[in-house]
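Let's start with one chain on its own, the form predicted alone, as structure tokens.
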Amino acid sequence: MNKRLKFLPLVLSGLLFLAGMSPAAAYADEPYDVYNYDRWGEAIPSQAGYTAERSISGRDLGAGPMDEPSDLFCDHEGNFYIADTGNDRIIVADNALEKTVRIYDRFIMPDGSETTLSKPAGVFVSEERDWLYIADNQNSRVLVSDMDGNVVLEVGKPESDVYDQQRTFLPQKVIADKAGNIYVVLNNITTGAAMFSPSGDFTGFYGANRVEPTAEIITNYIKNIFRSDEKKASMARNVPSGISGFDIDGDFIFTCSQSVTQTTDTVKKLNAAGKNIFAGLELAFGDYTPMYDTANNKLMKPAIVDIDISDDGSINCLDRTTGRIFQYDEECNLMFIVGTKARQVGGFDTAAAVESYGSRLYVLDSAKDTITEFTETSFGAIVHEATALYNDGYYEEALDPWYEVLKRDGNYRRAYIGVASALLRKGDYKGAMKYAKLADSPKLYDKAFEAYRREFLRKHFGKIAAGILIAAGAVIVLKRRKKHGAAVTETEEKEE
């Protein structure tokens, strides 16, 4: 366990004792230590943004026990779709996750024949077409049907030179954009998601991850220049990590990778052309410092297995390694850390998928065969209110909620960033510099300082110009006097 985190129980106990069981006890009911990171990157106790409400099983939904479910999706009407992989079916539950409203296990093909699923691993519903997309893994296909179970399209292994024909076609996740293009994550392909047209034609790969240019890779590249073709063929190739999950938000597709050996492209925001908007930014997802697993004697590096974009733009990243949700705002500032590895409600064994609906978060556990529902706390509501106001351009209106956040948690770094950003937009550059410094945000501080300097020069330009002219005039007068004095001295020396 992280050395910083293992002392959190003692720190929390002390804080609760000193606070007399004040509102800070909001995180005491969780089966884990609620924490965040301060401006120095240190793990510190924090108020909870979400609290575990309940655990939901297949029996609770009236669908019988689930068996290794692997995906969870909430459609535009609030219905939840569960890929119940081991039972070869898709469970549809109501928006309260209280009962099953339908089970898809049999479909009607265009020729009238019946087909069934085999280990469905991913599920998606298109709002534009109201179609159901299923990554039917062991049937090596993506099945597209209407809501009545009538198949409208079946996508199989591409017959293309671009697709390695020696590889099988094993769909893992599936989504579709507004235009009807289909994107498929394949669990044996690392060259990006396979992309298909609305009619099912293969159009290539989309959003491939990059290979991180480590010292070893660079060294091998240089050595390969001088190696023979035989040796080059025998060398292991450096390949990028594959995509583990994705979500679509408007015109952007967000992807994640669960590779623990690569830090590049852990989370990406891709536009229609496949360009990563996050490329070039110094971003990190998951714990700042990997936790140490004493049982297995290894570092528990983040492995982002799934990603979800909330209605308010929040980015929810599910870390399989620690069983935690790391929630970020649109600018990738960390807001909350939720969940852990545990048997209790609020903890997970094998976290497989994350989904949001309204102000709630849901995590699917493929080992426990359950869904855990997290509800937003009052503290989380204030943070999200302030973030939403800022994202919508109401910078001054966001100040009061951010100040309230700081009253409740003086170490909450995101609030300092929020205040600094709001003051910068408001034109209070001096105040923005103060809070940017408290947030330890050099980029934000530099922006505020540049704006402050421009404003200062604009306001005092007349005085500064006059001062420069006076100083220049004084220099000229002094030079002339010095020159005149030198000339007089030279004349006197000649007369002597």
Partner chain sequence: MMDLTQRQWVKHAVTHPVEGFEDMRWKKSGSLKIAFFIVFLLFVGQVFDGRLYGFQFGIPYDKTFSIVPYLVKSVVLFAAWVVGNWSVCTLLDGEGTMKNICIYSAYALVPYIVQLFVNVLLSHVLIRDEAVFINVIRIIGVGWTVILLFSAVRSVHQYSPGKTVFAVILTIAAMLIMLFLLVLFMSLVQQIWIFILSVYTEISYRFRV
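Since this is a predicted model, take the numbers as computed values, not measurements. Numbering follows the first chain given and starts at 1.
One more form of this protein, predicted in complex with its partner chain, exists but is not displayed; see below.
K.L.:
Checking a candidate spot here: are 159, 164 and 167 all in contact with its partner chain in the model of the complex (at least one heavy atom each within 4.5 Å)?
P.N.:
No: none of 159, 164 and 167 comes within 4.5 Å of its partner chain in the model of the complex.
K.L.:
Looking at heavy atoms inside 4.5 Å, which stretch does its partner chain contact in the model of the complex, given the options 64-72, 49-57, 445-453, 423-431?
P.N.:
Within 4.5 Å of the partner lies stretch 445-453.
K.L.:
Could you confirm whether residue 36 comes within 4.5 Å of its partner chain in the model of the complex, counting heavy atoms only?
P.N.:
No, residue 36 stays farther than 4.5 Å from its partner chain in the model of the complex.
K.L.:
Can you name the residues of 426-440 that have a non-hydrogen atom within 4.5 angstroms of its partner chain in the model of the complex?
P.N.:
Heavy-atom contacts to its partner chain in the model of the complex: 436, 437, 440.
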